[in-house]
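In structure tokens, the next block holds one chain alone, the form predicted alone.
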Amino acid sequence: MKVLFVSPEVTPLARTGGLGDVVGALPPALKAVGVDVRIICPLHRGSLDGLKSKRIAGQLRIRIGERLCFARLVETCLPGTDVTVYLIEHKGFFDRPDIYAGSKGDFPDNAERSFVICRAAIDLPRLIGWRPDVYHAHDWMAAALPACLNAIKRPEGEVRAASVLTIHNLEHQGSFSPEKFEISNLPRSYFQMEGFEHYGRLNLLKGGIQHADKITTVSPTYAKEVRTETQSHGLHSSLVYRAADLVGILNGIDKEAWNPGQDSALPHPFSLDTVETGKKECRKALSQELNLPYEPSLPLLGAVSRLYRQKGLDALAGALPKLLKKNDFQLALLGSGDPEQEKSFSNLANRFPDKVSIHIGFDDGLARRIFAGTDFFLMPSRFEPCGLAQQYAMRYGSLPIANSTGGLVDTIKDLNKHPKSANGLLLPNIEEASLHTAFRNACNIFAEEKKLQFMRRNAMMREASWKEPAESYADVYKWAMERSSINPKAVCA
């Protein structure tokens, strides 16, 4: 079968987080299970740095409201793979320093940019002579695509391509003033409660949920959570209505890209056989890099995260003075985001220079060294659709301490519930009492060397490849094709 990924970002060409990582890692795994998969994404500034590419003859014709726009297609490949990537070249819409927002906040034309991506994906086959059986739209910026497909008038007997929408984070929905619906050129009937209308506003993700043949989330637990009023971010009714077509598939990780035995960012790469000495050397080097006293008798906890409310690190900042008073440990944090959180953590580092080191910003190499050099990894997220950082941390032998939500539940086996296969600790919530209990348990585990080594090995051996998720997505594509009246046997190799 032929599948086109439609996404605003793809790692390593353009990335802000987990969405780009998934779009960059899942297609090669789908290729391995027999799916002819390609990707279309905007040509953001810097996307082609160091990559070979070629322009495709002809122009995309994209109507946005009464305006007819023209864009070019640039073809390249995902580095290290044979997966084709088509980049939408339009300087006015996409040649910007960032993907979604600038120094003054979200770009005011994000609705227009979203529909350009969707319409470009639909016009793509005209230029390349390759027509997908399934369009796989990713998150709100591509979420209008299923409705755009449904609105196309086709000759009698011509089959419609199927659509799958993946929700990577329901918090981000693409909500705009109702006037923006006019630029979509969709039937007026699509702007109602059963479509894009949400409390009087245009909601792109809601429209995608209502129109897609199948919907996926990035973990099984998150698929259940988004159908509850407390976790649905206002889309409870739509997701309950589409529950029969909603599937949770846990994200994998690229095990080659995240391999502590071959990671050039580490001062002392290590494998499962050399993990104890390797992590000791990595911790020693990390302590020096972060200007923390090297204290091998104390557990070192790490965090690599954006600093905003979802991630729950504000709760950690508030509790940290008491946690340090009752428990003896060190903390290394890498992150940026909310200025108040940045200030809080910086103040804590100044207050406890021998126990806390904070690096504001993002540095991929440092993130990897934190995974490798720490004993425990903190993810007190209020909600977490899947979470990749805890999977990276486990791969590098750092045991996650995380809230019981979303994909964290699906990836972490808590010591109390799974004593024979434990690979981390799960909190019932992120209130101060729960944090105190978790930190005390972590310190106790660290003091029991055999238990620490046992859990560390469980974490490193956890199966986290994309093979099983790719097989699950292939099934979803077949189900979507059946729902759109395409016979999958006729198009599968």
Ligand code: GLC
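Because the structure is predicted, anything quoted here is derived from the model rather than measured. Note that residue numbering follows the sequence shown and begins at 1.
The form predicted together with alpha-D-glucopyranose exists for this protein as well; it is not shown, and the discussion that follows is about that form.
Although the partner is absent here, Pro146 is not a contact residue: none of its heavy atoms lies within 4.5 angstroms of alpha-D-glucopyranose in the predicted bound form. Contact annotation for Gln310: at least one heavy atom lies within 4.5 Å of alpha-D-glucopyranose in the predicted bound form. Looking at Val85, you'd find every heavy atom of it more than 4.5 angstroms from alpha-D-glucopyranose in the predicted bound form. Looking at Thr76, you'd find every heavy atom of it more than 4.5 angstroms from alpha-D-glucopyranose in the predicted bound form. Residues within 4.5 angstroms of alpha-D-glucopyranose in the predicted bound form, judged by any non-hydrogen atom, belong to 383-391 and to none of the other stretches in 113-121, 370-378, 418-426, 383-391. Contact with alpha-D-glucopyranose in the predicted bound form, defined as a heavy atom within 4.5 Å, holds for exactly one of Lys255, Lys284, Arg306, Lys322, namely Arg306. Though alpha-D-glucopyranose is absent from this view, in the predicted bound form it lies within 4.5 Å of a heavy atom of just one residue from Val134, Leu300, Val218, Leu399, which is Val218. Shown here without alpha-D-glucopyranose, the chain has Gly18, Leu19, Val22 in 5-41 lying with a heavy atom within 4.5 Å of that partner in the predicted bound form.
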